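One chain comes next, on its own, written as structure tokens: the form predicted on its own.
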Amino acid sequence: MFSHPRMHDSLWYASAAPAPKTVPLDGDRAVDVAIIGAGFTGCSAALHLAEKGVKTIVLEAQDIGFGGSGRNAGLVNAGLWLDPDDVVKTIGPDYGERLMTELGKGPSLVSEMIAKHGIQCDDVRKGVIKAGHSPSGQAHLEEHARQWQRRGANIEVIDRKRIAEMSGSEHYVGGIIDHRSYYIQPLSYARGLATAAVKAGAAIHERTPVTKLEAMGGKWKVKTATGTVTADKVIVATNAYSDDLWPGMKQEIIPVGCYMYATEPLGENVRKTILPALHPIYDTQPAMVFTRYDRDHRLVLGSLGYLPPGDAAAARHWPHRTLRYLFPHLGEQKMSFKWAGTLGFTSDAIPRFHEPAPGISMTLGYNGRGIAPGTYWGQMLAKRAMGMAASEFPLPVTPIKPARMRSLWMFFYESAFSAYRLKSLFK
């Protein structure tokens, strides 16, 4: 698999804002809330708790944003990738409409966090385009837009001519623009949330993997190799990078790979012909391709699945082949960065809210939508830890259930993505 364990390989790591100074946990602590995981969810929860004066500690096995929070494409998308009507059919009209309303406002919550805490994350407030790669793909996009428009969302349908102008590619038949959405430097945002949480009074300890959760007289003892934390409440915020800390948690997530490349900075004349209005784009192919710029005008592109490691032919040729197909006038480009991560999917593409024991809360399964939902779920888990009723969540509390036929799902996803990459060889 093309799964680099080092976050240091990525463009985001090379260009991120500084992280707050932390040290591994050393000794024993007592807090109101312990949080496991320092990604978007964990840092958002810590910030919202600390602002209310709740004594909070975050334990991170690696670095802040080490998992999906520091490896994603940086698109701050609204809602889920499912059609809203399908969400309502799956979890019912009450939870379904509440979930769509709340996650539809997710990008606004991220904007609020950025502005309130002065987070420097290279945010570009351009709507996100989803491009139709085929007539059937475009038809689905138009239905998706209609369903959101009935709910008041600012989503616009665009035709073949306009998407060619906005993308610089002739290979799309149309698309939609979600004007609620935009893009950021994701690791800078995660670090910004963490910095704000520390300023508000939270403690963060990196390089401190949690080894065990143990109930103890109405409280929880969170054990690590270098100390323990005694807490009234525990928030588990590990999502796609979950292990077996709580039984069944890892098996409920279906891991899906995501990989990215970044070119050298492109010249102004070239940028006038490729994403000239700076809208990021992803498409309707099963192994979607996404493209965007970073602050230094590098073109970032990626897709789903795992590529072979190192200098294997597929890893070397995929970005060049893809750019030639989408933008044949671009010419050969040097790839300055390549990196990968893992997304956490669920079998029905809907997140989960679990409370497997009194005082333990978690959300899992963001299905490729990590930034806005992660920020939102962190806020909600913080409110829950401060006494908000579980019924106020826009998801029901459900038991942890390992995904049915998880291995088959994993094989299906990877086989499908590999097949589409192979197919692209002959375009």
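Please read these numbers as outputs of a predicted model, since none were measured by experiment. The numbering used is simple: start at 1 and walk along the sequence shown.
Heads up, the form predicted together with a small molecule isn't pictured, but that's what we're talking about next.
Q: Mind telling me which stretch in 114 to 122, 202 to 210, 97 to 105, 149 to 157 gets its heavy atoms within 4.5 Å of the small molecule in the predicted complex?
A: Stretch with heavy atoms near the partner: 202 to 210.
**Q.** Candidate site Leu59, Gly68 and Ala237: all three near the small molecule in the predicted complex by heavy atom within 4.5 Å
**A.** Per the other structure, all of Leu59, Gly68 and Ala237 touch the small molecule.
Q. Heavy atom to heavy atom, is Val33 within 4.5 Å of the small molecule in the predicted complex?
A. So Val33 does not count as contacting the small molecule.
Q) Any chance Ala46 has a heavy atom within 4.5 Å of the small molecule in the predicted complex? A) Ala46: no contact with the small molecule in the predicted complex.
Q: Indicate whether Gly341 is a 4.5 Å heavy atom neighbour of the small molecule in the predicted complex.
A: Within the cut-off, so yes.
**Q.** Ala287 within 4.5 Å of the small molecule in the predicted complex, heavy atoms
**A.** No, Ala287 is distant from the partner.
Q: Go through Ser167, Thr291, Asn72, Ser181 and name the one with a heavy atom inside 4.5 Å of the small molecule in the predicted complex.
A: Comparing distances to the small molecule in the predicted complex, the residue within 4.5 Å is Asn72.
Q: Tell me, out of Ile91, Ile253, Met260, Val198, which residue has a non-hydrogen atom within 4.5 angstroms of the small molecule in the predicted complex.
A: So the residue touching the small molecule in the predicted complex, by this definition, is Met260.
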